[in-house]
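One chain comes next, on its own, written as structure tokens: the form predicted on its own.
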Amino acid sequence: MEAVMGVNDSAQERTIPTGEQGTRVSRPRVLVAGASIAGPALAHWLHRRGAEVTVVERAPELRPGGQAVDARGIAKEVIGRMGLDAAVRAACTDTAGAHTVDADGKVLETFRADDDGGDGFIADIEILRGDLSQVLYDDTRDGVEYIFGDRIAELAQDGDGVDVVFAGGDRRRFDLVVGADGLHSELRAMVFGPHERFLRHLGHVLAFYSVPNEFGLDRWLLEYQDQESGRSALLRPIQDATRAMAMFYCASADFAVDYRDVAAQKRLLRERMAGLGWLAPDILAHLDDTPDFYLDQVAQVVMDRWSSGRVGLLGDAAFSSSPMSGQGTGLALVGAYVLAGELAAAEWDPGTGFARYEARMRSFVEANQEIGRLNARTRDVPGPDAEPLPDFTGEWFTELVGRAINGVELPDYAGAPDCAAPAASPITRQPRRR
């Protein structure tokens, strides 16, 4: 492995006394697990608040592609405060809207990107997960240490810090550790318990992968839903007009495929989508030559608390709302802003900072998880004993959507440090690769 360039800490004052509480960190070392969206977003804000940040990612490099993710409401405000509005919009998919179609391709319903002020079914900020990850990495790479191709193998915390052993053999000590490593978070399992305690399967499976754009897509998403089987196929445009992103949904109460066994996942997808009409056979024909296949259960993470001592969780690792909510990225971006702000405002005291973060985010998270569960129910296969769907035209739903999009206050954290201006001597660290 290549050595990771670091900073000479010997001349830096790092702690100030706080009596019975031992020491209070003035320039904390924070380890973040995961370099998708939540991790680099948190790294941005932690660095601005004065922390020394390390991000470890088990993949050998940033993962490209992925599904299109959206930023709505208050999440757009966070992107603006990051100074990344122009960069994010430049990388957007530029989707004009969406058409639902029948098996013959006839348009049944249309949604436009400017509906509901850009916060509707198709958001005006819509970007591939990998492209947003790249924007966030490019923004933070000069001030944050990134370690690729490695992961946390062991950790032990005490009152003053966390000792971490990496799978690659390094041993280091940090003041705080945050897991932003997704739905199947290894850090969550290590600290809080097995996945089964927190995962709530919503009864569906989602798959997506890129395909050649041989379908004539031009800024419009197309979705076909088979009402009898509950299956759907979707094609969406991306910035590279020569390719498109394909997606499949299907009901699956018996999902039992290892999320890392790609061959088994592809077999499952072919089985579940056999006989589906519209363009599904043409899309499935590219299953073996796609570079970015992904399949997983549609699930939420529900936890009573998102922290334990000096270890906290963020994004899908803490409170996945599932793709059915359309707000996973928004929760990650807003959560990163709030978590870093509350920790800094608490002078890096984990008990106070984590508690305030959870209190501020909880209602926002729960509203988005409820949206996810309701949307999943609309895709369930109707049965004789199925409960009727609620009336989505009622005021209750309007209020719920409002809480899910804008239902959290963004403090200015005026009393916390903010190193928004570029440093005179930026720290350059090369990613470590295996």
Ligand SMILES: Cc1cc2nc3c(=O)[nH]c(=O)nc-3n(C[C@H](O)[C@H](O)[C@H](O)COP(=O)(O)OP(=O)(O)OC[C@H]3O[C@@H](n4cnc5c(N)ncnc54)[C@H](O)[C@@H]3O)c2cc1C
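If you're wondering where the values come from, they're calculated on a predicted model, not measured in any experiment. So that there is no doubt, residue numbering starts at 1 and follows the sequence shown.
If you look for the form predicted together with the ligand, you will not find it shown, but the lines that follow are about it.
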{"property": "Close approach of residue 357 to the ligand in the model of the complex, 4.5 Å, heavy atom", "result": "no"}
{"property": "Partner contact for residue 220 in the model of the complex: the ligand, 4.5 angstroms, heavy atom", "result": "no"}
{"property": "Heavy atom of residue 35 within 4.5 Å of the ligand in the model of the complex", "result": "yes"}
{"property": "4.5 Å heavy atom contact, residue 182 to the ligand in the model of the complex", "result": "yes"}
{"property": "Which of 404-412, 369-377, 385-393, 55-63 sits within 4.5 Å of the ligand in the model of the complex, heavy atom basis", "result": "55-63"}
{"property": "Candidate spot 208, 294 and 332, all three touching the ligand in the model of the complex (heavy atom, 4.5 Å)", "result": "yes"}
{"property": "The ligand: the contacting residue among 69, 51, 31, 365 in the model of the complex [heavy atom, 4.5 Å]", "result": "69"}
{"property": "The unique member of 226, 150, 77, 115 whose heavy atoms fall within 4.5 Å of the ligand in the model of the complex", "result": "150"}
